[in-house]
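Quick heads-up: it's one chain on its own, the form predicted alone, in C-alpha cells.
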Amino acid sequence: MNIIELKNVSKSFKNEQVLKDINLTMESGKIYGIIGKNGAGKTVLFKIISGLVRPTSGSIVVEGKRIGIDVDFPESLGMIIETPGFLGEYNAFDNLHYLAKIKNIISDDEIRKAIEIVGLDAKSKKKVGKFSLGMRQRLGIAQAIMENPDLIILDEPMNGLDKNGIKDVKRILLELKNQGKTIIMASHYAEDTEICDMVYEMDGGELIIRDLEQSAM
C-alpha cells in the first residue's frame, strides 16, 4: 500500500527553484533515505510532505488524502525537521508532556516509554538546556514517535550522535519498521542510510534513486 504519492511537485522561493518536478511514491512499512548536501532541498521536501510548506505546483497525497485540499496536515505524522526546539528550562518529560497536550491523545506512561525507547531517563530532572546535541536528537526522536504515528519523518536524526548513538537509532528505526511504520530520513552521509529499503539522492532540487549496491562499496 502506498502511503505517500508526490506528482510533479515543484517549489520556488522568489526567483529560486528549490524543488524541480519531484515524482515519488513510498510504500507503508519501509524506511526511505534521502542523502544530499545542505541546500539540496531535503528539508523543503520534508516540509511539503508534512504540510508545513505548500508547493508551487504539483500534488501531495498522504494516506489517501491530498495535503492542502482534503487535510492541512497528514493525520498520523511524527517528525523532527531541522533542529528540534525544546524549552531549555524544563526536563525531557516536561517538554514532551507540554507538546503532547496539543493533541491530548497519549498518557504520561506513553510519554515516558518514548523517552526510554531512545535511551534517555524519563525520571531525570536534568534540564534540556544542559543536554548535549546527541541527547537533544534522541529527545527529538522520542517526540516524533510518542504518539505512535504511521509516518515518521526525521531530518538528520544521526546528527550529533557518537557511534553507539547511531547504532541505537538504527536499531530503533528497524524496530519501528517491523511495527509497520513508514520512515523517511535525511542525512549527509550514505552510511547512515544502510538500513533503508530505498535511498534517493537529492541535488539541486532534483531527486534520483541511488544504487544501494554502489552505496555499500
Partner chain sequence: MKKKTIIFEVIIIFLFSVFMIIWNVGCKNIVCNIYGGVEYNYGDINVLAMGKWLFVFAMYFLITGYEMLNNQRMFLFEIYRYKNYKTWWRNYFFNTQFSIFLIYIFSALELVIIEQRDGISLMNDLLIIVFFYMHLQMYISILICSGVLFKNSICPGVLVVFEGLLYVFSVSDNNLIGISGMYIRLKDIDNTVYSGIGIGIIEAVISIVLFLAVKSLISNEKCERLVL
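For clarity, every value in this text was computed on a predicted model and none was experimentally measured. Positions refer to the first chain, counted from 1.
We do not show the form predicted together with its partner chain, though everything after this point is about it.
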Inset, instruction - Could you spot which one of 158, 173, 190, 53 gets a heavy atom to within 4.5 Å of its partner chain in the model of the complex? - result: 53
Legend entry - Contact assignment for its partner chain in the model of the complex, among 122, 79, 117, 135, heavy atom within 4.5 Å: 79
Inset, instruction - May I ask you to check whether residue 47 falls inside a 4.5 Å heavy atom distance of its partner chain in the model of the complex? - result: yes
Inset, instruction - Report whether the minimum heavy atom distance between residue 103 and its partner chain in the model of the complex is within 4.5 Å. - result: yes
Legend entry - its partner chain contact at residue 89 in the model of the complex, heavy atom, 4.5 Å: yes
Inset, instruction - Indicate whether residue 94 is a 4.5 Å heavy atom neighbour of its partner chain in the model of the complex. - result: yes
Inset, instruction - Answer yes or no: in the model of the complex, does its partner chain come within 4.5 Å of a heavy atom in every one of 113, 150 and 199? - result: no
